[in-house]
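In structure tokens, one chain follows: the form predicted alone.
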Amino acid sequence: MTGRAQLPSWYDDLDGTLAACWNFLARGVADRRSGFHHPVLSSIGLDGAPRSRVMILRGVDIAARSLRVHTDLRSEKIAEWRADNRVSVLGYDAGQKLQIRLTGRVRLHADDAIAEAAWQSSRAMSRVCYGTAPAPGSEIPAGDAFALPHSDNAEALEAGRAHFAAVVIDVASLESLYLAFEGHRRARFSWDAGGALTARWLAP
């Protein structure tokens, strides 16, 4: 009979908890098996109602406290973010028994060095999505009534660049919840406009 899993070194350490959360997020960029590879991103719709979408985490900058995802400029969330750029991000990794919730604001990058670097680092199978016709979210008469460029057609793939945007999320707060038989641990970290950190434990 196996014993319970050993508690992580950061179990009762606020600084360690914050560092662990950022490290798990960063690891989720490349690790497709990580629960943090595909977080849920929520924003405010143009009608004032919440909107949530699963997105792929493409980049994490720990020093800058930011995340990066990619999207199509023709999608409805672009108009939502331009009207109100506040978002929340939720990720859960069952293996780590860890939930991470973040809040922040998005910055859209379409015609600058950030967008170009993100596009150049994208694989062909990812670039295909930005060549969708008609635009994402368009009504179509049948489920298959849309077209995608072939991944071997470099010219067609490059045409999708005009629809591509890198989305940087500047994180204002991070809340963690670690699940353990010995007692859950919940913590909240927030940064003011000057970057000063406030860290506190919360009742789980």
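Start at 1 with the first residue shown and count on from there. All figures in this text were calculated on a predicted structure; none of them were measured in a lab.
There is also a form predicted together with a small molecule; it is not shown, and the following applies to it.
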The single option of Met55, Val29, Val168, Ala172 touching the small molecule in the predicted bound form, heavy atom within 4.5 Å: Met55
Considering the small molecule in the predicted bound form, find the one stretch among 88-96, 103-111, 116-124, 72-80 with heavy atoms no farther than 4.5 Å from it. 72-80
So, His150 and the small molecule: in the predicted bound form, are they within 4.5 Å at any heavy atom pair? no
